[in-house]
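Consider the single chain below, provided in structure tokens and representing the form predicted on its own.
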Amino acid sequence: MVHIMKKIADWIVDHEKDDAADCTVPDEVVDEWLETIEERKKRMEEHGRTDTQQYEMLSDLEKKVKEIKEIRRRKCHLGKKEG
């Protein structure tokens, strides 16, 4: 089941990445997406579930969403350098 979810998530991220390059995705959507992933990861860490496939999937998604943010920063001239 996790593998199917990961494939769906990968597809969504790839699709959103295309939209992000066109600057059509609002910043709030990307920020909210990243916040949700980070909150879920934190809960899993608190319960010692960092060696699960779900945690690995969330970590991969977090990496991809951060990549989308970087694409937006460069292509859309959105956001200033984060300190």
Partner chain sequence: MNGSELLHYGVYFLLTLALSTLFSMGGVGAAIVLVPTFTMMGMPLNLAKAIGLFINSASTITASVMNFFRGVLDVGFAMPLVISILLATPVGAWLSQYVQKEVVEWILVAFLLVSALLLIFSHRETKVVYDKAWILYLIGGSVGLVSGMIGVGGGSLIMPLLILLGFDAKKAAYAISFVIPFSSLGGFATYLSFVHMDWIMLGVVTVAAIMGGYIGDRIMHYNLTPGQVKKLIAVLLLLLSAKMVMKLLHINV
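Numbering follows the first chain given and starts at 1. Everything quoted here is computed from the prediction, not taken from an experiment. Superpose the two forms; the largest set of C-alphas matching within 1.5 Å is the rigid core.
Below, we refer to the form predicted in complex with the partner chain, which is not included among the displayed structures.
S.K.: Within a 4.5 Å heavy atom cut-off, is E16 in contact with the partner chain in the model of the complex?
M.R.: Within the cut-off, so yes.
S.K.: Taking the shortest heavy atom distance, is D51 within 4.5 Å of the partner chain in the model of the complex?
M.R.: Flag for D51 set to no.
S.K.: Evaluate K42 for contact with the partner chain in the model of the complex, applying a 4.5 angstroms cut-off between non-hydrogen atoms, and reply yes or no.
M.R.: Output for K42 is no: heavy atoms all beyond 4.5 Å of the partner chain.
S.K.: Is there a heavy atom of C23 lying 4.5 Å or less from a heavy atom of the partner chain in the model of the complex?
M.R.: No, no contact at 4.5 Å.
S.K.: Does anything in 47 to 70 come within 4.5 Å of the partner chain in the model of the complex by heavy atoms, and if so which residues, in order?
M.R.: The stretch touches the partner through M57, L58, L61.
S.K.: Superposing on the rigid core, is the Cα displacement of E70 between the shown form and the other one 2 Å or more?
M.R.: It does not reach a 2 Å shift.
S.K.: Hey, does A20 budge by 2 Å or more at the Cα between the shown form and the other one once the core is superposed?
M.R.: Indeed, A20 is displaced by 2 Å or more.
S.K.: Regarding I12 and E28, go with closer or farther for their CA spacing in the model of the complex versus this form, the difference being 3 Å or more.
M.R.: Farther apart, by at least 3 Å.
S.K.: Where do A21 and V30 end up in the model of the complex, Cα atoms closer or farther than shown, with a change of 3 Å or more?
M.R.: Result: closer.
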